[in-house]
Structures are given as structure tokens and as C-alpha cells.
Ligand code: TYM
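So this first bit is one chain, no partners, the form predicted alone, shown in C-alpha cells.
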């Protein structure tokens, strides 16, 4: 029997390189294997846990579906849908909240980071984010989740909830594991932290043209450190070079070690390699944009398929916890 896979990306803007290498590459690998049944959602409800613009969200939830399709996710192989179109996510999250303590949620590093980022917007929804994420996965009996390594604490929450539900109520939830991708942690262009849509100047969008990519890469700080050690900015450039032009990595390393490296040459090489990788995606995206009815059809079909699976899980859980006969 094939294993079921669930993953999703927040609807907080178009996809960037971190999304592509950290999540979408894993989605594609699992989709193309006969061992897995894959469901990929737009995490639009998760987007409202921090400040957002209503009109932007309406556009972005659809944009993510378009990006999925342009990146190669195939609706004949994967179920593509928007989280908020399936009300059972929120119902199951409430049931899961009954076996989850506030203290555990408050101690999660991701929650602490968001509180620092949005000190005046610490909502219950933000605190409950990992519980809803557990519901997202377990609603479809997901066993594998292709996400970046920073999501591991949330997956541990999902595993704990699955164990608690199974022990207390006799459910049969799997304990989901992370599917590691080659881009587990894509560094920010600023040299601080990871590439993130919420941090200005940290990311390259999959839709950026060559000039934009070149400008962004050239902005990476390359100030040298004492003793010839790579600065964080230089490490970022070599990380990206290794992803997009690995055949050139050794030669540039030798130049760095020999003190002959010209940073503008390294930066422009990285920018060109990234753009070449993104060209097919951008061409496909333009093709999809020209057919809005196709996108509507994909969302409608994906929602219908996801609902069938979700309904079965909810009916079983309600029966097990005493809310149905």
C-alpha cells in the first residue's frame, strides 16, 4: 500500500528559492514515485495567523496553485487544493487542541520567533498554528511531509498528538516523518537566517527576471573576515553556487583560497545559474496564466478529492472521541 504525503506552503506571497529547494523539490520527487499518494495544499488559513492584507490573500492563494503547476506538480498525480476550502481541517484542529497544552505550544522556538517578529499580534491562532498543522497532515493520514528542517519541531507536535489520540481514543493515526530535501535550509541573501518571504531583501522569487536576480545577488555582503575566513555572505554565495552550478564550485573555491576571487564574477555566475534554472518555470507559468479556467478546474477537482479523504477521517475521529454514535 502506498504511503500518503501531505505538504503545503503558506499563502503569503509567490514562491521563492527557499520554497523551491526546501519543499517543492521534495514534492516533485515524491509525486513521481509510485510508492506515494501525494496531496499538496495552499496553506491559506495559516496565512491569517500573522498580519495580512485581505485582497492580497485572495490573489496569493491562487498564485501558489499556479506556482505549483508551473514547478511541475501534476494534478493527474497529486491532489492540489486550498486548505480553507476543506472545513474539516479546523474541526480536527479543535479536537487535537483538547489533547494539547498551552505550555507546550508556548515553548516552541517557532512561536517565540513569531512573537518577537509581531509583538503586538500574538493571537490564539498563532499559538495554535502547530496544532492546525498537525490536523492538516493527519486529516489525510499523512506519513511523509516534504518540508525544510526548520519545521521539525512542528512535526514533533504532530507525532505527539497522533500518539496521544491513538493511546487515549484508539485512533490509528500515523506518526508523520519529514522527507528531507536537498535544500533543507536555504540561507537569506542578507547572510542572517534563512530565506523568508517575511524578511525583505532575503529572497529571490521564482518569477524574478535576470536583472532582478543579478541585483539581489550583487547585494549580498562580501566583506572579508580576519584570517581569510568566509563571511556569512560569501558562504551564502557558495551555497547557492553549489545548488545551481555545482560544476563551478571547486574552481571558485580554489580562487577564494588563493586570494584571487573576484566577488562580482562569483555573484554574476550565481545569478546566471539561478536564472537558467528558473526560465522553464517562468515560461510554464505564463502559459498557465493564459488559461484561468484550467486553474479553476484544477482547484475544484482537487477540493473534491481531498474532501472525500477528509470526511472519512473526521467521521472516524468523532466516533472514537464520543461525538458520534
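Numbering follows the first chain given and starts at 1. The structure displayed is predicted, hence computed values, not measured ones.
There is another form of the same protein, the form predicted in complex with the ligand; it is not shown, and what comes next is about it.
Interface residue remark: residue 82 is not counted as part of the site for the ligand in the predicted bound form, having no heavy atom within 4.5 Å.
Looking at residue 150, you'd find a heavy atom of it within 4.5 angstroms of the ligand in the predicted bound form.
The shortest heavy atom separation between residue 238 and the ligand in the predicted bound form exceeds 4.5 Å. The shortest heavy atom separation between residue 129 and the ligand in the predicted bound form is within 4.5 Å. Residue-level contacts in the predicted bound form: of 214, 255, 194, 164, one residue has a heavy atom within 4.5 Å of the ligand, and it is 194. Screening 262-270, 51-59, 36-44, 275-283 for residues having heavy atoms within 4.5 Å of the ligand in the predicted bound form returns a single hit, 36-44. Scanning 12-48 for heavy atoms within 4.5 Å of the ligand in the predicted bound form gives 16, 18, 19, 22, 23, 41, 43, 46 in sequence order.
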